[in-house]
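Below sits a lone chain in structure tokens, taken as the form predicted on its own.
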């Protein structure tokens, strides 16, 4: 199971370096390279230097499969990525068959249901976010008429369906469900239709590239309903796309990078800004970095690049590893244990303000 290359240990990055999720993919790549640089300055691991090999999957499933084959052929022992569940899932079986470790921030519940020992999720699943979102809607906001829309991606569909199911289980009233075509630019036809149902809120379980436009076009249509976006609306581009309409929008996600209380987080964010003169694109960058750090730590502890032994350590022996995003442990199916979702409202200062979190 070892892909130990002579002289170096190769780490793969599979991420959308170009395309509509480029800001997230580029941030993940930069962060991985920063961590690898830090390790190499200390001598690498196991007496070998680390080397990063990046493949641009453009956020597309077909490209993801191509990237997976390329990175396997390059001899990487582990791959960080991808950003989207769709791409992570398309690559999963290829890494599994090759015995290459994969860690992704993808939140689709299906990612851990294949039984691949090579896969580790470094974020929280849609099911945890969905349960939190339903409580926010019904216990905090007391919405009486709820509309929910997604795009056609695996992530968006699964998250939105899970939110709807949780709301129904809690006795909430769903007045409309529908889908948009991601990247369509003009969402006024579906928004006009939704407006006729007089919802208190529109939930959108898709990506910021569409979410920002949906929010802007809601306001243009004079819709009074709130907008609540799922975790992948959490990106600076959301506010740029929505403009002034971003004010008053709600987003559900785990804590923002600057809210993380951990020493590892403060050190990493400081180093990232000093190196790149900007902040990471979002919390997803930090989740991916934590996946890498956990794998490298496991390799050091097991003193091997045998991926089967590293995976066994991650599954059974890694307990509360001090991650940038909090303590890291993995369940036997590769699921990260624990979550800490919050709901934010974008204020007139265009900053996020916490309005709800579970105790």
Partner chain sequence: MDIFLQQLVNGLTIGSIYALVALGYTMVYGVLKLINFAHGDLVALSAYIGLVIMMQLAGALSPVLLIITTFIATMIIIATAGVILERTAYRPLRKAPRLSAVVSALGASLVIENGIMLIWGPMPRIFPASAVPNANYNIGNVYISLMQVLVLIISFVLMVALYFFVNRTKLGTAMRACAIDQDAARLMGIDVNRVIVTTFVIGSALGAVGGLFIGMYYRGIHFNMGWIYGLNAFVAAIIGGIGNIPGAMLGGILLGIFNAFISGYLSSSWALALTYVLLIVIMIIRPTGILGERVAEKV
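So that the term is clear: the rigid core is the largest set of C-alpha atoms that superpose within 1.5 Å between two forms. Positions refer to the first chain, counted from 1. Please read these numbers as outputs of a predicted model, since none were measured by experiment.
The form predicted in complex with the partner chain is left out here; the points below concern that form.
Of the heavy atoms in residue 144, none are within 4.5 Å of the partner chain in the model of the complex. Interface residue remark: residue 173 is not counted as part of the site for the partner chain in the model of the complex, having no heavy atom within 4.5 Å. Taking the partner from the other structure, the partner chain in the model of the complex has a heavy atom within 4.5 Å of a heavy atom of residue 242. Within this chain, residue 180 lines the site of the partner chain in the model of the complex, having a heavy atom no more than 4.5 Å away.
This chain lacks the partner; the member of 201, 219, 128, 256 within 4.5 angstroms of the partner chain in the model of the complex by a non-hydrogen atom is 219. Residues within 4.5 angstroms of the partner chain in the model of the complex, judged by any non-hydrogen atom, belong to 219 to 227 and to none of the other stretches in 155 to 163, 284 to 292, 219 to 227, 88 to 96. Highlighted residues 185, 192 and 195: every one comes within 4.5 Å of the partner chain in the model of the complex, counting any heavy atom. Put the two forms on the same core and the Cα of residue 225 is off by 2 Å or more between the shown form and the other one. With the core held fixed between the shown form and the other one, residue 74 has its Cα displaced by under 2 Å. Core-superposed comparison between the shown form and the other one: the C-alpha position of residue 199 differs by no less than 2 Å.
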